[in-house]
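Taking the form predicted on its own, here's one chain by itself in structure tokens.
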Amino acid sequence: MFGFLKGLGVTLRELPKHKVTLQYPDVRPEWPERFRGVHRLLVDECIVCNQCARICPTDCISLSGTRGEDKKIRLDTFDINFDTCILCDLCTEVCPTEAILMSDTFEMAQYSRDNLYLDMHWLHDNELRYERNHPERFQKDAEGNEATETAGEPQ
């Protein structure tokens, strides 16, 4: 009986306080800049060094490239299996050109596991969505040619 009254006292004490619950699909939470969501890929920056695939603890990244006539290696395929990816951020830390980054996309629920195999086109589209949703995190350089990310970098 004492436990019931104690619990009722806690409930009555918390009743007049301000609620912090968000009505999730309608009201989206504000994620911090360093939130680790699904990857985003800058296809033109990737030099196909394969370091991201080697460091991945779950072996969920596979990529390949070919050397073009101008002697530069061009990315042909970049696939991530999000069925096994643990979003550990190791692939983004080891990338020398910062071609692979993390976004704030996290809603990846699917009815089939086959839909969790994402290719470089989906990852690049995720990069474009991220830039469109967070224009304040990007700035143009002096000539206005290329957008560079300003937030999320360690100081």
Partner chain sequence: MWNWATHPISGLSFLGMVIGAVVILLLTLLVVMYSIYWQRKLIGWIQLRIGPNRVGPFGLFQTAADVLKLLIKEDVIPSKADRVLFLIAPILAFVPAFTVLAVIPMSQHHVFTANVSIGALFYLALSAITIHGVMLGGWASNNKYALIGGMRSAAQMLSYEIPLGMSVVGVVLMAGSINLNDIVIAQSRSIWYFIPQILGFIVFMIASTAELNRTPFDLPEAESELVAGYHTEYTGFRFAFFMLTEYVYLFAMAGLFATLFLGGWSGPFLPGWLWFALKVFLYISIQFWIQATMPRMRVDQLMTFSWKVLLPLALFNLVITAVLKAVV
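We call the rigid core whatever largest set of C-alpha positions still superposes within 1.5 Å between the two forms. These numbers were taken from a predicted model, which means no experiment stands behind them. Positions refer to the first chain, counted from 1.
What follows is about the form predicted in complex with its partner chain, which we do not show.
Within 4.5 Å of its partner chain in the predicted complex, a heavy atom is found for none of T97, L116 and D119. Residue contact check for E14: one or more of its heavy atoms lie within 4.5 Å of its partner chain in the predicted complex. Taking non-hydrogen atoms only, D26 approaches its partner chain to within 4.5 angstroms in the predicted complex.
Put simply, N133 is far from its partner chain in the predicted complex: not one heavy atom of it is within 4.5 Å.
Shown in the overlay between this form and the one not shown, fitted on the rigid core, is a CA shift at Q23 smaller than 2 Å. With a cut-off of 2 Å and the rigid core superposed, R132 has a Cα displacement that falls short of the cut-off between this form and the one not shown.
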